[in-house]
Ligand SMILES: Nc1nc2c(c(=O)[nH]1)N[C@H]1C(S)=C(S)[C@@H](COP(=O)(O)O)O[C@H]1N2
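Only one chain is included here, represented as structure tokens and corresponding to the form predicted alone.
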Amino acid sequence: MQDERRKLEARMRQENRLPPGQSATFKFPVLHYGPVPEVDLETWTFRTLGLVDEEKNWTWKEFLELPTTSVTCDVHCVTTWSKFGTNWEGVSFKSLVELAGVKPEAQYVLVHAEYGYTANLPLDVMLDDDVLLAYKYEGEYLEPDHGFPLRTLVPSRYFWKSVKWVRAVEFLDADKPGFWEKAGYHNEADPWKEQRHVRRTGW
């Protein structure tokens, strides 16, 4: 397995797909803050709020009726593992912006998840073609410890920005640090720039 991993890393490096400081994995490590929530799909809702024409709520059934798209991408965790060629399915964030009626002054997104967890990103990053509100991985609904029923997928950033157990998306005109950003993680989180952590004095 080590030989296979080294060969994969060499190939990914040659294809310019392995960011600095990262190592390839064939597994899908499970990392998150807090317990895995128990989800009742009969009462679960997803909400858009903030700088929108009108706050909206979707039930699980309604969310599954939205147009879907598939994305194949590499993901990179701040803890230094990278997983290549992963396949996801869900609702394009671009589509959500249209459905939510986001106002022109919105420049940032704050994603809200279970237990008060949040992560922040610029809206222009979230409008990349490969950003999803994902509910399937490799053709199957997400496992609970990987974010069932819904998570964001933001391949261009370290994976803590891809939030598990999403419940709401808030659109803002000013940036607002999320959970890990308040704890000293880098605000931008670009794997190619190794934006992992910053000093406690600022973000």
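Keep in mind that what you see is a predicted model, and the values were worked out from it rather than measured. Don't overthink the numbering: it's just position in the shown sequence, from 1.
A second form of this protein, the form predicted in complex with the named molecule, is not displayed here; the remarks below concern that form.
A.B. asks: Indicate whether the named molecule has at least one heavy atom within 4.5 Å of a heavy atom of Tyr141 in the predicted complex.
C.D. replies: No, Tyr141 stays farther than 4.5 Å from the named molecule in the predicted complex.
A.B. asks: So in the predicted complex, does Phe159 come within 4.5 Å of the named molecule, heavy atom to heavy atom?
C.D. replies: Phe159: yes, in contact with the named molecule in the predicted complex.
A.B. asks: Does any part of Tyr108 reach within 4.5 Å of the named molecule in the predicted complex? Heavy atoms only, please.
C.D. replies: Outside the cut-off, so no.
A.B. asks: Pro67: heavy atom within 4.5 Å of the named molecule in the predicted complex?
C.D. replies: Outside the cut-off, so no.
A.B. asks: Would the named molecule be touched by all three of Phe28, Cys77 and Trp180 in the predicted complex, meaning a heavy atom each within 4.5 Å?
C.D. replies: Judged in the predicted complex, Phe28, Cys77 and Trp180 all sit within 4.5 Å of the named molecule.
A.B. asks: From the list Lys136, Arg47, His146, Lys176, which entry has a heavy atom within 4.5 Å of the named molecule in the predicted complex?
C.D. replies: That would be His146.
A.B. asks: Based on heavy atom distances of 4.5 Å or less, which listed stretch (54-62, 39-47, 151-159, 168-176) is in contact with the named molecule in the predicted complex?
C.D. replies: Residues of 151-159 come within 4.5 Å of the partner.
A.B. asks: What residues, if any, in 94-132 have a non-hydrogen atom within 4.5 angstroms of the named molecule in the predicted complex?
C.D. replies: Counting only heavy atoms within 4.5 Å of the named molecule in the predicted complex, the contacting residues of 94-132 are Ala113, Tyr117.
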